[in-house]
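You are given structure tokens for the same protein chain in two forms, set apart as structure 1 and structure 2.
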Structure 1
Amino acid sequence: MTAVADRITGLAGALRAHGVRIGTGETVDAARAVEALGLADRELLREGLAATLLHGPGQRALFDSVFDLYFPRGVGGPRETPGDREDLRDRLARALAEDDRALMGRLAAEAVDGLGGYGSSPGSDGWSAYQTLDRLRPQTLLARVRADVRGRDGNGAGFTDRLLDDEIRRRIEEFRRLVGAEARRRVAERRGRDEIARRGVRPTADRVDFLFANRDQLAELRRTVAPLARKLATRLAARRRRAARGTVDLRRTLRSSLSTGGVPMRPVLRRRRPVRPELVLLCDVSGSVSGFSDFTMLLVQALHDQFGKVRVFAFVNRLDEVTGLLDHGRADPDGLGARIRAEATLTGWHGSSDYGVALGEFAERYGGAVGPRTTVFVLGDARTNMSDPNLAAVREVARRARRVYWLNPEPHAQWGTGDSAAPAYADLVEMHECRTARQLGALIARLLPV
């Protein structure tokens, strides 16, 4: 029983390291779930632990990967001698056609054992899901599986061609997931579960580095905009209510205390006039920082009701206002970046970012957008491609605005390296490292004016 308890606490610790909020109560509930469900049915155990440890569906993919490490399907390699590649493909095609999950799990283990090993030591130095899938190429079985399903069911159980293809792709993707889980399990047996859980498991979308997020991860991030905006709006509304109470008016408090013998029983507060602040965003949409800018623009658009006015400007080496284009971002968030780059004037004679020119253009053409109630956010990595950073323009914007914040998606250790002008800009305005959606949410909640 001690070994099972160690696995439960290890699972909870690994999830906690990836940002899932798990306290003592959830861990105790997980132990009770294991006691009630037993270990015989692995999938039932998976669902029980997910129900006790998770707080939302967005954490499920992370949980499944970590669960496979601490409660693996098996130990060591498969008992069967792996067949050759074509034999594996034949059996995989049959399993996909029949949607046989148990057989797909066994084939994933065989595939990793036979095709995924690398290194020269006895057995293998390690196992690679990428190498396994590259050699087996399950995605090329689509037409073959489709024909098999048609032959078995006559008309494919009522599926149209497109629906059937989508279903087969889903099964292939499930097999790919099983291969990844098997490869991680085999590596974890050699290097230790805790290390692989920390380093080898894909993090949740809100912890993915903006600069290294792929297309699917960015799309997943965009789907989190609405719930994150609701959470931030609630926090901002609470801050605004607290701020509206104002500070203590000492003179009126002392005057009021005369009726209680000079004891200030009821402090009198200075009432604040409710004034909604104005917000301006300056967004670098070039290269790898474009995903960061797109996500932040969508988030601010979702928070639009919290401000008196929001204006958004995008730039590469030219700057253009995109506030109107952003209004349509809620209907098509994945296409926001492409629409901005297609319809706004963002580049001149070259396509590289030029902060000096863009910031100067903003100060000259749109200086009226900034006033004493305006908070300005600049989004970008501050890499100038060795051009003039135009510090004078930043100084002028900072003079006009209430506050200016710069959110930089690069690690702080890289500021000032190569063509980065981050330290020079940071001397003029407040600059913050902002690499993930989780960091962005925390910064927005803390920095946005009330």
Structure 2
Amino acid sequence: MTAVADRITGLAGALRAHGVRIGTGETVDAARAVEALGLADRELLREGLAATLLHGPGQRALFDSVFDLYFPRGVGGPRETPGDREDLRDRLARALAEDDRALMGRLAAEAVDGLGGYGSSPGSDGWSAYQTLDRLRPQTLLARVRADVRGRDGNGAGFTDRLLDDEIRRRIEEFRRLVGAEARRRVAERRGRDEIARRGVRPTADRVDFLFANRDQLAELRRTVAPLARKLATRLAARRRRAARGTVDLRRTLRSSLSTGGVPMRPVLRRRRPVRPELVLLCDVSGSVSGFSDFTMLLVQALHDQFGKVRVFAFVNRLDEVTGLLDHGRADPDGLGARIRAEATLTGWHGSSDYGVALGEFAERYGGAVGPRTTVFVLGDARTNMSDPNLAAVREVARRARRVYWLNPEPHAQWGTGDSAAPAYADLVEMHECRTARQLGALIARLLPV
């Protein structure tokens, strides 16, 4: 069993390196699970280890990638001598038409073996999922698979025929994922799985840099908005309760003590004003940072009932209020960014960000939106394209507001490089690095007024 124990330790170590908190209790349970389940069925083992090592759903995709490395489907290449590309495509088309997952898995292994190796002799330098998919082009099988399925089901007259294309696309997507897992496994055999498990595996979505997230990752992040908002709402409620317990109101304590002959029997706690804080968001929605600001806007929208009032403004080099667009956008979060960019006036005669002009426009046209109960969040990378940062406007907003925070999606080390005016703004208002959804959640929990 010691080889297995090593695997479990390695697997747990790799998960920890990705931020999953696993204690010794969990590894002990994992070992007991392996003992109870045996090693014969890999999928049972996968479920058993997930049940003992993980504590929440967000880590499962990461877990699966890492599991595939430590408990691989097999060793080395496939036993079958790989056929040529056309033969592979034929068999893949059939597997896709029948939605045969097991066959798709075997074909992924053959494909990586036959098409994915690079170096002087195939595979001498490594295995590439990208190269495999580029040569095999599974996405071009759509028409063939469609015809195949229709032929089988009787020429596709039924209602569900309209679902077919999307279903096939999802199967192709699954095959691409299998190829990715197989290429990682082969590379890990050469370079050591600990290293690949730490570097070659996609982190959980909440740890991906907003600035580098691809479309899928952004979509995945959008799906975390509602649960994250619920989590933050409970935290805010707890902070509010704590704040409401408040301090002793001496005057009222003494007044009420008159009924007990001047002995203050029962301290009167100061009641908190029932007014809820107000929030203003100023969001740079230019291409470079839009992933970050879209996500943050959705999150704040989801939290809106925590506040007396929420107003949201978007800018590139002109600024416009988008509060209404955001309210109506709840049903279709994916389309939010596009709608804002289509319907609000955000650019003048050029398309790049100009913080100075936009902030000036805010102070001038919407200054009234900011009062002593308002907390202002500015979202953006503070890259002004070399134009005047207009510090006076920021100073003015800071003077009127209760607090102003600036959330910057760039790493701290890059503030001030090139055209970044971050240090100048950071002198006036509190600026925080906010690169990932995880960081954003922590900042919001801490900074949001209650």
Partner chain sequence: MFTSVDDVSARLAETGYLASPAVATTVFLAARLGKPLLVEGPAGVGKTELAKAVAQVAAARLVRLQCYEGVDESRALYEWNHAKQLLRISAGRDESWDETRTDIFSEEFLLPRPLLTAIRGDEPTVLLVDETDKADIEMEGLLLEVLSDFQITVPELGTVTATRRPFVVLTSNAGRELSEALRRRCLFLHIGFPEEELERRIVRLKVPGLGQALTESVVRVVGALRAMDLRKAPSVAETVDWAHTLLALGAGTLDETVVRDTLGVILKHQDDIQKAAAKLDLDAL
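Residues are numbered by position in structure 1's sequence, first residue being 1. Note that the structure is a prediction, hence the values are computed from the model and not measured. Between two forms, the rigid core is the largest collection of C-alphas that superpose within 1.5 Å.
Structure 2 is taken from the form predicted together with its partner chain, while structure 1 is not. Taking the rigid core as fixed, one finds a CA shift for residue 431 smaller than 2 Å between structure 1 and structure 2. Once the rigid core is overlaid between structure 1 and structure 2, residue 209 does not reach a Cα shift of 2 Å, moving by less than that. If you fit the rigid core between structure 1 and structure 2, you'll see the Cα of residue 55 move by 2 angstroms or more. When the core is overlaid, the C-alpha of residue 105 ends up 2.5 Å from its other position between structure 1 and structure 2.
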